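Below sits a lone chain in structure tokens, taken as the form predicted alone.
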């Protein structure tokens, strides 16, 4: 008897359709090619569709925000890994701002703190956010894979992986608009993290994109930039898929 593969609770990600180059792209063409990855972005995951349609339960929201903290906390670490491999002091000076954005300049400041406050606003006690007791093993491993990627890959490829920020402002704006409409129990102050990223993400994109355009001028280096961005998209998809599966209603 031939076994058949049954339906999975896991969602199949859209595959990035990046070009197979025969000749190097110019700077504008390279930017356009990188932006074309938006069709593969993890915002298309069913969990996010439920979020923007007002169909998430409070439990699902709590699972999402508690698990995503593990990712928020690895972001400054992956940025430090990029800095450790980058020989250009001008790049290092500007890239440092990303670490400050997430870690803040003192206790109780920065994007990670804003994310913890979001969790508290959604009903997860601060202690349970801080100690990450709700983080799934799969989510933790996936988040750590991002640090490993940025530590072990050439620094320009690690920069290219950060260009998912190309698509982030639209997503943050969607959340700012959707949460008050569909989830009136979420206080307005809980949206401060997303508001901060509307300012920070475009700045980060400008810097990261300029680096990739400057250093990726051959077919090989541009192809590697595409592959780095594809890795990050797969990583984000796997993370939200794990959360969705664990907190499916």
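Residue numbers count along the first chain shown, from 1. All of these numbers come straight from a predicted model, not from anything done at the bench.
Absent from the display: the form predicted together with another copy of the chain. The rest refers to it.
J.: Against another copy of the chain in the model of the complex, would residue 92 count as a contact residue? Criterion: heavy atoms within 4.5 Å.
T.: Answer yes; at least one heavy atom of residue 92 falls within 4.5 Å of another copy of the chain in the model of the complex.
J.: Test of understanding: in the model of the complex, would residue 81 fall inside 4.5 Å of another copy of the chain by heavy atoms?
T.: It does: once another copy of the chain is placed as it appears in the model of the complex, residue 81 has a heavy atom within 4.5 Å of it.
J.: Flag residue 99 as yes or no: does it have a non-hydrogen atom within 4.5 angstroms of any non-hydrogen atom of another copy of the chain in the model of the complex?
T.: Answer yes; at least one heavy atom of residue 99 falls within 4.5 Å of another copy of the chain in the model of the complex.
J.: Is there a heavy atom of residue 119 lying 4.5 Å or less from a heavy atom of another copy of the chain in the model of the complex?
T.: No, no contact at 4.5 Å.
J.: Is every one of 164, 227 and 240 in contact with another copy of the chain in the model of the complex, taking contact as a heavy atom within 4.5 Å?
T.: No: no residue has a heavy atom within 4.5 Å of the partner.
J.: Just to confirm the contact call: exactly one of 134 to 142, 164 to 172, 101 to 109, 120 to 128 touches another copy of the chain in the model of the complex at a 4.5 Å heavy atom cutoff, so which is it?
T.: Among the listed stretches, the partner-contacting one is 101 to 109.
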